[in-house]
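In structure tokens, one chain follows: the form predicted on its own.
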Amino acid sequence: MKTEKGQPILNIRNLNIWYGDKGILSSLSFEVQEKQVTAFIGPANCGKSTLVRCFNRLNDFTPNFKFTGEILFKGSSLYAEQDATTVRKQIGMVFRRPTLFRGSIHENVAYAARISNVSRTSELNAIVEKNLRRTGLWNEVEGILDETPVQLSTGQQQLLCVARALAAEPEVLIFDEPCGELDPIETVKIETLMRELANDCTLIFATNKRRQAARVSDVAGFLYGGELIEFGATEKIFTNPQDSRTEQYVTGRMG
């Protein structure tokens, strides 16, 4: 797995987050390298989802959200210097539960291309096919592209959501508990796909599954009580952690 460092695509400096008066994350500082897979692990309610939702400005929709510190995307402030809509095109997101749009399977993928001002039918068709092939879903849905995706299995729906996110050609793709609703076979498909996608874009994911983080990520961060306890190469986090709380968590004795 890739571990070499270069200019970070995301640089987080002393990030603190509150919902109203409730502190969620405290004094987080770390870097995310380009075309690496970075996992955030930790028990429920430790702030994983809040953190990853910051990266594409989804917390903007959360009442009473406020923060201090900096999140730099390619050297520019994600909040002070960049438009939220543009950010969400560059930094895509896939959620725990598949988020299906109205319309057909084709339209679910084509939507992302349409908002990037692609309108020609031939171009849209090519983008849809390309990204359904990337997710391994093309052969399963080729004959039903004009039908609703509700007939698909949960795993197929999740792959469709990934295809839609990829159609926008993001530089960063975030997965928030992407396998939380999936069975073991569907989980393997998502994990394999994540490793393949790391050749083309930067991946960040939050997970409660320790072994998933160990299998898939290059870099891991352990969140506990709103603090980033440890952050570094996944192999080191899992085999030679520097903090006793990290060791207790990765060995299953905590959380």
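From 1 onward, residues are counted along the sequence shown. Small disclaimer: the values here were computed from a predicted structure and weren't measured.
The next section is about a form of this same protein that is not shown, the form predicted together with a small molecule.
Student: Does residue 68 reach the small molecule in the predicted complex, with heavy atoms at most 4.5 Å apart?
Tutor: Because no heavy atom of residue 68 falls inside 4.5 Å of the small molecule in the predicted complex, the answer is no.
Student: Would residue 33 sit within 4.5 Å of the small molecule in the predicted complex, counting heavy atoms only?
Tutor: No, residue 33 stays farther than 4.5 Å from the small molecule in the predicted complex.
Student: With the cut-off set at 4.5 Å between non-hydrogen atoms, does residue 24 touch the small molecule in the predicted complex?
Tutor: Residue-level check for residue 24: yes, a contact with the small molecule.
Student: May I ask you to state whether residue 189 is within 4.5 Å of the small molecule in the predicted complex, using heavy atom distances?
Tutor: The answer is no: residue 189 has no heavy atom within 4.5 Å of the small molecule.
Student: So which of 45 to 53, 211 to 219, 226 to 234, 189 to 197 is the stretch with heavy atoms within 4.5 Å of the small molecule in the predicted complex?
Tutor: This holds for exactly one stretch, 45 to 53.
Student: Counting heavy atoms only and using a 4.5 Å cut-off, do 19, 62 and 177 all touch the small molecule in the predicted complex?
Tutor: Result yes, every residue of the spot touches the small molecule.
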